[in-house]
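Here you get one chain, nothing else, as structure tokens; it is the form predicted alone.
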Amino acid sequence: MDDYVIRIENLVKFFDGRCVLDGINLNVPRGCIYGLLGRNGIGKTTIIRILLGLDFPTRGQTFLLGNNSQNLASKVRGRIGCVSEGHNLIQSYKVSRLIKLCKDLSLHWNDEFFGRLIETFRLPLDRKVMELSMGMRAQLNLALAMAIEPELLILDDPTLGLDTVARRQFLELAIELIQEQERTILFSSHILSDVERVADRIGILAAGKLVVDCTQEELKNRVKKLRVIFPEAAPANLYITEIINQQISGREMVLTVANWNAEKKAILETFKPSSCDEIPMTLEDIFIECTKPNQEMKQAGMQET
């Protein structure tokens, strides 16, 4: 059995002569909740579409459950659940009719498990999908995806458009279901606080590259934001590598550094600062820093070795 549920090898994708994905390499281990992040239009959904065999790479290969994405057999697809942005279900169908259609088309369906989900969500079977709230459609989509007991669940911005309460309910139940059954999740979202709550590993796309690929804990340990006060005017150059962002105001310097370590700390100390304090960063703070146009970030090596 392949230890990696998702494998991406040297993935390149061009649209109208523009390179959207530039040599992406990624391995997602079994049982992992992987948060894939990036600004709008950066290529997250394109990666997911290529993984599912719905689009073609310009170069490179992708694999799901050990099978090439461009040649996924129906038995393999039956092991994959997907909840996408907008929850594009058949609007004119009643919920009961849509459930029957999905059940008939599925290779595997757990009636007892699905019944518990429908009861938990309190979904009205006699109403049309178009009459459901956005939150109810998200819950129905998740229930349909989970009924096949997928080994891999792909969530592509599934909480977009939901209010705070509905988002939290959706996420908590999704993660509870996945953890109980030791599934693997690829989770793409614009809502960074959602990803921070659930993801084990983080990938960040910027300028067509995967600039970050490591555990969330390691990412927070390796990216540091510091407020440094100097006795006189702050120096223009600290001669420290991998500075992601730097702002100077008189004696004060605020800098964000990738791969902060004892050597870089020692270099900073040669400038004899009056004080140096770490500024706590959320995942959202780190994401904003890592996706700013900055040549240093491309060389920061924020991937596990």
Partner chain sequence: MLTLIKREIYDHIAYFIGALVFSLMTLAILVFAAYSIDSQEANAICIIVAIPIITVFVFGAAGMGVSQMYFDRNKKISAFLSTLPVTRNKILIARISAGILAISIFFLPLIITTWILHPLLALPVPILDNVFYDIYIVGLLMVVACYCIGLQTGWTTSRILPSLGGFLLTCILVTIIIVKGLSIQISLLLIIFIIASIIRVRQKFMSTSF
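Bear in mind the structure is a predicted one, so any value in this text is a computation, not a measurement. So that the term is clear: the rigid core is the largest set of C-alpha atoms that superpose within 1.5 Å between two forms. Numbering follows the first chain given and starts at 1.
Beyond the structure shown, there is the form predicted in complex with its partner chain, which is absent from this document and is the topic of what follows.
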Going by a heavy atom distance of 4.5 Å, is I191 a contact of its partner chain in the predicted bound form? no
State yes or no: in the predicted bound form, is some non-hydrogen atom of E172 no more than 4.5 angstroms from a non-hydrogen atom of its partner chain? no
Does its partner chain come within 4.5 Å of any heavy atom of L219 in the predicted bound form? no
is_contact(R30, its partner chain) in the predicted bound form, heavy atom dist at most 4.5 Å: no
Selected contact from F230, Y93, F114, F121, since only one has a non-hydrogen atom within 4.5 angstroms of its partner chain in the predicted bound form: Y93
Note which of K225, R77, R168, R197 lies within 4.5 Å of its partner chain in the predicted bound form, where distance is taken over heavy atoms; exactly one does. R77
Taking 4.5 angstroms as the heavy atom distance cut-off, pick the stretch from 197 to 205, 131 to 139, 103 to 111, 182 to 190 that is near its partner chain in the predicted bound form. 103 to 111
Superposing on the rigid core, is the CA of L72 displaced by 2 Å or more between the shown form and the other one? no
Core-superposed C-alpha of V223 shifting 2 Å or more between the shown form and the other one: no
